[in-house]
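The chain that follows stands alone, in the form predicted on its own, written as structure tokens.
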């Protein structure tokens, strides 16, 4: 069941070398491959049993047994929603690619490599196998930014690859430490792999995990590569970067940080919650100061990913479920925002908030794009009826009993999200349309379609969150049990709270 999800994009790459394929036909082939991958993810999701936290559809093949590297795949309630979301956003990103893209064969091969790398990472149940898939997307994304990016693309791509390479080194070192110091016979993932390590060893290895995946998320102060990468990347690459690739960082924190080191995680949870507050507020205030629409959306991602760290630090069933919702919600909402910003830039040739005005004009502006933008910013600000509200409500509800002060400060960040996005909408879409924008090219329905699809899903899952929650509830309860077991002892320390767990 899981093999086609990982390897279909790579098998499809062979089709790109068929003779007589120009850029437009290559795009159709890529769409077909991504469409099949997305449909197969839905087939897997329909057969997925959300009532159990156990791994499902497990594939286990010996590969390099002396090195402890095995081909072991599995899916649970943490990875299942991310796999489906990845398939959808890959399809959207390819659809948003211009048919006349330069060097189309190389472009689509790089996209397919990223597809395989991300899906493989989400499904890997072997630490080394995860690392191989995690690193697979490094060079393709570097090339996508460096070849098809903006004027400062070489700087942004180089900065991205340096940060991400450092992330990989730290993660690999932590994985090696877990296995070598813990005495495990292989790198196959097991939540008890690090249980025999001393607290000092756990804290050191967890530190590598936190910094490594914190770069990928990205969390403050490891965030500086992200705004540059987004500004220089094309619209499809920004969709993949914010919607999909950042989730490798948050997924890694949950799977390998909280999952492997529950005792150390519980010990430093207050620090993690405070780190989340700093990241949220920094991303929020930085977004307010931006004049470039794309850079504003990029900084908003830093703040919204900080919510995931807060919920993971609290490690309650509700907050953990909230992390999954937040990852999917952010993927869909940021994807929608970048689609719309891309259309605005394509029609007006600028993303400067101070230059753009009156685009909501029903006759000469971009009224449909403006309407979708209003919906997107409402979803990002956590308005009820949207998926962003559900994810943030679960995070704050699940985190408040553990970290009330940090949760309240993060809620301030949510309120400020409305501020900078309202500034964006008010300055860009309201007011009088300048003379320079009176003859804007018409937005075709094909250009609106991705926005409509993402907007509908954001509303549907905002009104019916149980349709996704049923995949992840059992996993959320099971994932935090180990943390809950160590908290009663810590609760005896002065000033600490009693655990909200009864089990």
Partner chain sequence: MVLATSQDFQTPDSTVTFTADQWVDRLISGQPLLTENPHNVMEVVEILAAYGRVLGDYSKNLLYIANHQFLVLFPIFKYMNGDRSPQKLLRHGLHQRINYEFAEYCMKAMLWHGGGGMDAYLDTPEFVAGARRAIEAKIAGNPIMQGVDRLFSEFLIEQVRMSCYYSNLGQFWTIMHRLFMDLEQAYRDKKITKIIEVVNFVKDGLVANAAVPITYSVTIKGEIYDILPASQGLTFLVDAAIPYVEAVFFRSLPFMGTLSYNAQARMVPQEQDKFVYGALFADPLPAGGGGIPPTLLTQDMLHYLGEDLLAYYRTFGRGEHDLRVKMVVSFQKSMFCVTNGAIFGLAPADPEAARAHYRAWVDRLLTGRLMDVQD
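Positions refer to the first chain, counted from 1. Just so you know, these numbers come straight off a predicted model, no measurement behind them.
What follows is about the form predicted in complex with the partner chain, which we do not show.
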Open item on the list: Quick check on residue 362: any heavy atom within 4.5 Å of the partner chain in the model of the complex?
Closed with: yes
Open item on the list: Is residue 440 part of the interface with the partner chain in the model of the complex - any heavy atom within 4.5 Å?
Closed with: yes
- [ ] Using a 4.5 Å heavy atom cut-off, state whether residue 204 contacts the partner chain in the model of the complex.
- [x] no
TODO: Verify the contact flag for residue 411: yes if a non-hydrogen atom of it lies within 4.5 Å of a non-hydrogen atom of the partner chain in the model of the complex, no if not.
DONE: no
- [ ] Taking 4.5 Å between heavy atoms as the contact cutoff, choose which of 297, 313, 366, 93 touches the partner chain in the model of the complex.
- [x] 366
Open item on the list: Just to confirm, with a 4.5 Å cut-off on non-hydrogen atoms, which of 166, 433, 278, 374 contacts the partner chain in the model of the complex?
Closed with: 433
TODO: Among 257-265, 77-85, 354-362, 395-403, mark the stretch whose residues have heavy atoms within 4.5 Å of the partner chain in the model of the complex.
DONE: 354-362
